[in-house]
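Have a look below at one chain only, the form predicted on its own, in structure tokens format.
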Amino acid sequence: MSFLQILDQQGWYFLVTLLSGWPATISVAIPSFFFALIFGLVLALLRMARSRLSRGFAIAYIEFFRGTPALVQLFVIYFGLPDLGYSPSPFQAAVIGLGMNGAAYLAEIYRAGIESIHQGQKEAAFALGMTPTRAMRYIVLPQAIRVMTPALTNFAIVLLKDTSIIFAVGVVEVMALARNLVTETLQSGVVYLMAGALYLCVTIPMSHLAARLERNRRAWQ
């Protein structure tokens, strides 16, 4: 049976089945993204703090999570935390794992964005009587976020693709359903190509958005 015959006979079944996994994929990707956004900012501020202890913690965290596979981190969270008295659900483990992993990357994006703001901006804020915290909140971060927006969009694309590994801890998302279809039909080529095409349908528009934001950022400068 040819590839086109398989696609014609079973294509709709494959498509509907794979699409049913998107709610789980999105429900993990969105909270993981916001988890990473918040914790990544905390790590970036610790990374730039005067305290050697704070800087040391942030550097160690970033190096560990950037230097080890995300799948290993998911396994440690899902299978290791029960030994410490907390048993996360597959959904919780996926969000925590992807969020903690993403925070390590976003911390460096935040740091680069904050350091790109001219020192004179901070000095002007201090001259107006602002505390370092208020200067960071009202002067530095708003400008830094505008610089970081394209990078944050690219990170969102990477995070969405990384959700393809969460089937390993029991989340029934697109790739978990793809594996089930392959086991059921033995049509691995068709199923995985369709799964990849579904990811492309989301990531390509996001890539164009990131490129447009980058062009706009350059126009503002």
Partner chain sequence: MEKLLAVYVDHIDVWLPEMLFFSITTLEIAIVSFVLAVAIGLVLVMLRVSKISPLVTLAILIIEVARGLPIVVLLYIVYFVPPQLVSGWNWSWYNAFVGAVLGLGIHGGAILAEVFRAGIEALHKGQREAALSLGMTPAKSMRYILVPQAARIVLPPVANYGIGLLKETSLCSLIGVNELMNDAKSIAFADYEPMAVFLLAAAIYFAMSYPLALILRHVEKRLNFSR
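Positions refer to the first chain, counted from 1. Predicted, not measured: the structure shown is a model, and the values here were computed from it.
We do not show the form predicted in complex with the partner chain, though everything after this point is about it.
A.B. asks: May I ask you to state whether residue 16 is within 4.5 Å of the partner chain in the model of the complex, using heavy atom distances?
C.D. replies: Residue 16 lies outside the contact set for the partner chain.
A.B. asks: Decide whether residue 68 counts as a contact residue for the partner chain in the model of the complex under a heavy atom distance cut-off of 4.5 Å.
C.D. replies: Yes, contact at 4.5 Å.
A.B. asks: Determine whether any heavy atom of residue 10 comes within 4.5 Å of a heavy atom of the partner chain in the model of the complex, and answer yes or no.
C.D. replies: No, residue 10 stays farther than 4.5 Å from the partner chain in the model of the complex.
A.B. asks: Applying a 4.5 Å heavy atom distance criterion, does residue 164 contact the partner chain in the model of the complex?
C.D. replies: Yes.
A.B. asks: Verify the flagged residues 55, 89 and 99 against the partner chain in the model of the complex: is each one within 4.5 Å by a non-hydrogen atom?
C.D. replies: So, no: the whole triplet misses the partner chain.
A.B. asks: Counting any non-hydrogen atom inside 4.5 Å, which residue from 37, 193, 30, 48 sits next to the partner chain in the model of the complex?
C.D. replies: Partner contact (heavy atom, 4.5 Å) among the options: 193.
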